[in-house]
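Given next, in structure tokens, is a single chain: the form predicted alone.
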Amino acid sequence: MKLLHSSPDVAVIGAGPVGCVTALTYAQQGAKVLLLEAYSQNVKCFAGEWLHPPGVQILQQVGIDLNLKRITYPCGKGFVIFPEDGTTPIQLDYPDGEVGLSCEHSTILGILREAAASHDNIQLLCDTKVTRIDGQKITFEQRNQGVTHTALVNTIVGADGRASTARKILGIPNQSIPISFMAGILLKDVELPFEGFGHVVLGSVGPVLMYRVGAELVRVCLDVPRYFSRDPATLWKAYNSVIPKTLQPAFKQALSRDEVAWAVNLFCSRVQYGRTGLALVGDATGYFHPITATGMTIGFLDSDCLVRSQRFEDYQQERTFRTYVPELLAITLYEVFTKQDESATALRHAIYRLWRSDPMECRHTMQLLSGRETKLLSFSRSFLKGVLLAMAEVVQNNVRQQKWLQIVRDLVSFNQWLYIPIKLALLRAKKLLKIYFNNSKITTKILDIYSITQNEQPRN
């Protein structure tokens, strides 16, 4: 066992994938790093298992190539969308030959912890709980030894997930919004229709995401509405018709054995990044629905940005603006894929047509999905193109049927799709104003305007 660094430069709270990448990135720059993990061992859990190409590149920058270590099966080629109407699946490849990664969470975590533990500049302490942070002094208890330490460091990083201790110490409230449940099921010895791709299957009560995580293992993720039963027999009845026939026997068997790992899909806007000397990365900053599978990738990009930023303010500003589009994309796609009203159906079909007919639109979609493209104008251009196509289809259908009054009602229903980005922008603006201009008169006035737009009571 290494001796405890007498004068570490950085303390990273949480040795999950994002915490390990943060520690490795700092260590690569010559910093001495304390990496503190509350649990004693690598616990298997249903968490991040897909990494987009920008995330893979971050790993390569710190000397880890997961594609060459323990990964012997096809993966990370892109996504295939299975429309709810049973038409031909739509293949979306990562552009320019880029490759992502899908792998069991425990495997990714094991490789990263092994790399961190073996690095000369990193001290990994497991079964270690952070109990106090005063300025830059961090106090932690090694529970397996019954020993408490304090360390004075230049930088503390909270990479400890949704239940972040660092976030609590900063006094940031947990204001997450529940969206749905996610049921994770492992299928053994089955073949996917498009090996190497993530499969997004529509047509049930919620989207289904499937991808390979091992040479003999496929992960099936069922998005289950909050109101829906979690009984295995009910899940089989609801989802079996959209599961590819070759996977149905294994799917049925796994459900009959109740081999289901459950998680809650939550939304918490990513506007809280900590303070100077105590930064948050990954899910500690916020999170959204995993429909775009960007959580782990965004966390790695947080780490990279933090280490290369000269000031905390630079890090906070860059990540606040660069994560708005991924957040907006996840919210919008989930709404488009799950709502069943006429405007949502028309919008889905319009997006399908764009993907089938325009290779450049497919390329652009994958750049947005992977986090490679984060400009709001870029997202807005593609999204508005889909909305306009959908509106044109609705108008044409009503004209053919001579439903003149229905045209107006249907066009009004498209307001919801313009409202989503506006609402999210206002939500972010509200939180950012609280952070940057806390309790000022101008902030109070702006928040009153926001409250009125949300049908809330103005502040006293």
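Residue positions are given as counts along the sequence shown, with the first one as 1. Quantities reported herein were computed from a predicted structural model and do not represent experimental measurements.
Omitted from view is the form predicted in complex with a small molecule, to which the following refers.
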### Query
Might Leu376 be said to contact the small molecule in the predicted complex, defining contact as any heavy atom within 4.5 Å?
no
### Contact label in the predicted complex: Arg381 to the small molecule, heavy atom within 4.5 Å
no
### Message
Does any part of Phe46 reach within 4.5 Å of the small molecule in the predicted complex? Heavy atoms only, please.
### Response
yes
### Query
Applying a 4.5 Å heavy atom distance criterion, does Arg113 contact the small molecule in the predicted complex?
yes
### Non-hydrogen atom within 4.5 Å of the small molecule in the predicted complex for each of Ala11, Leu34 and Thr276
no
### Proximity to the small molecule in the predicted complex, single hit among Gln123, Thr128, Gln316, Thr365 (heavy atom within 4.5 Å)
Thr128
### Task
Please pick, from Asn265, Thr332, Ser204, Ser309, the one residue with any non-hydrogen atom lying within 4.5 angstroms of the small molecule in the predicted complex.
Asn265
### Query
Hey, of 26-34, 388-396, 412-420, 47-55, which bit sits against the small molecule in the predicted complex at 4.5 Å between non-hydrogen atoms?
47-55
